[in-house]
Ligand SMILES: NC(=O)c1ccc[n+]([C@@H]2O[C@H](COP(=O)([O-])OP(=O)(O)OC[C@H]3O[C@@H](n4cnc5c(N)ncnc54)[C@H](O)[C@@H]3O)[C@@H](O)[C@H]2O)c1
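One chain follows as structure tokens, the form predicted alone.
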Amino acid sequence: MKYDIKNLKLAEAGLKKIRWAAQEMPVLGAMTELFRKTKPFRNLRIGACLHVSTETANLLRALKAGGARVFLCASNPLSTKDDVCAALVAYEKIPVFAKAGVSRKTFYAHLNSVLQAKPEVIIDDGADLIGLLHTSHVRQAKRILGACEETTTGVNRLKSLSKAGKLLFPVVAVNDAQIKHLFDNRYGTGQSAIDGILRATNFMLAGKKFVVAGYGWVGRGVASRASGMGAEVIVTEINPIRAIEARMDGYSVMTMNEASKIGDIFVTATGNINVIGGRHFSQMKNGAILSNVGHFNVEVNIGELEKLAKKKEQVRREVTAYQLSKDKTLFLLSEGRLVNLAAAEGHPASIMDLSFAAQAKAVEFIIKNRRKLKKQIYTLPPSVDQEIASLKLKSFGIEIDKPGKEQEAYMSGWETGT
């Protein structure tokens, strides 16, 4: 079995962490047992490009239990957990091509290693594997039954590809499922982003001016958690509807140009490029903290920061100091990459239980419907959202009401008025 990981001797430590996470993933656990019996993925080759975490490991175990042959590479070099890689290779016999902190060249070599395994289904987080299948591996794309995309940035890239009429196979936008973005993006990123910032800096949030760029589900989650810890939250937006929502949620709303003059901590959560750039750096206070929770490290313009800096040094494990003048130094966390995964451990397992259950159901959806799916973007049926949510509630020991026949008739009819 071919693989490329840092150290196989880390396997035992990784296995313990994977089992620890599994305790908080009852929905995926139930699906794993069902897949073990029904084998819906028998002999299916799955190529996965995901953050290599304990939660991801439990997803791959579920797919393997269902009969799949799984090949894994990392979707971000700074989020890779080397002990998890080792455990997947040693105990699950899953080929893994991932190491923490690899160069861009090695990162893409790992992507290509997964594609060389000739997968039939792709599970992606950021659309890097899917992107390669549309550029340098176009012939191979013809053999792909379908793909699942995990994150907002990846879905946006693929919707653009589909709109241009260039999408080469069906894609399930898992991020668009309610069970994913309402919980993973909001509660998962909200908690893990704050966790990453605190681990990296050990700063107090209470009393700080905390600037959140973007008020999508991720931004909402980060703003909520920062506010809960006593920070004064400022939101910047380009969407007027979301800006109104942020204001009515109790936050100050202004342009980044204005926010850059007063902010203490900045978090970008837009999925867009150069959200914070040179003119903003020039106006910032001495000691301002810069961080990002968007998928790619493009939201903080690091190139312009490098040009402005007279001196650069790493002052803590995930903190790089950029001295702009004698009186001003700015601090960038985790090289502008996902701070929640690079400086912390990413989303809690309980949240990823929902997201990865949706990923598993998306693969099942592709296999069941492979003969009729077209080259377009699909969302999971609402019934899948309901199924996963019901399983999660059951794991909490929670029961909810069910509508009676009279209520169902009232809600589905039009005859009854005032």
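Since this is a predicted model, take the numbers as computed values, not measurements. Residue indices: 1-based, along the sequence shown.
What comes next is about the form predicted in complex with this ligand, which is not displayed.
Across the proposed site, Leu72, Ser75 and Pro119 without exception lack any heavy atom within 4.5 Å of this ligand in the predicted bound form. Put simply, of Gly216, Gly287, Gly230, Gly277 only one has a heavy atom within 4.5 Å of this ligand in the predicted bound form, and it is Gly216. Screening Leu341, Ile197, Val172, Leu129 for any heavy atom within 4.5 Å of this ligand in the predicted bound form leaves a single hit, Leu341. Heavy atoms within 4.5 Å of this ligand in the predicted bound form are found in one stretch of 197 to 205, 323 to 331, 268 to 276, 103 to 111, which is 268 to 276. Though the partner is left out of this view, His137 does not reach within 4.5 Å of this ligand in the predicted bound form, counting heavy atoms only. Residue contact check for Ser260: none of its heavy atoms lie within 4.5 Å of this ligand in the predicted bound form.
Leu168 falls outside the set of residues with a heavy atom inside 4.5 Å of this ligand in the predicted bound form.
When contacts are judged by a 4.5 Å heavy atom cut-off, Lys81 does not count as touching this ligand in the predicted bound form.
For the partner-free chain shown, Glu237, Ile238, Asn239, Arg242 of 237 to 268 come within 4.5 angstroms of this ligand in the predicted bound form, judged by any non-hydrogen atom.
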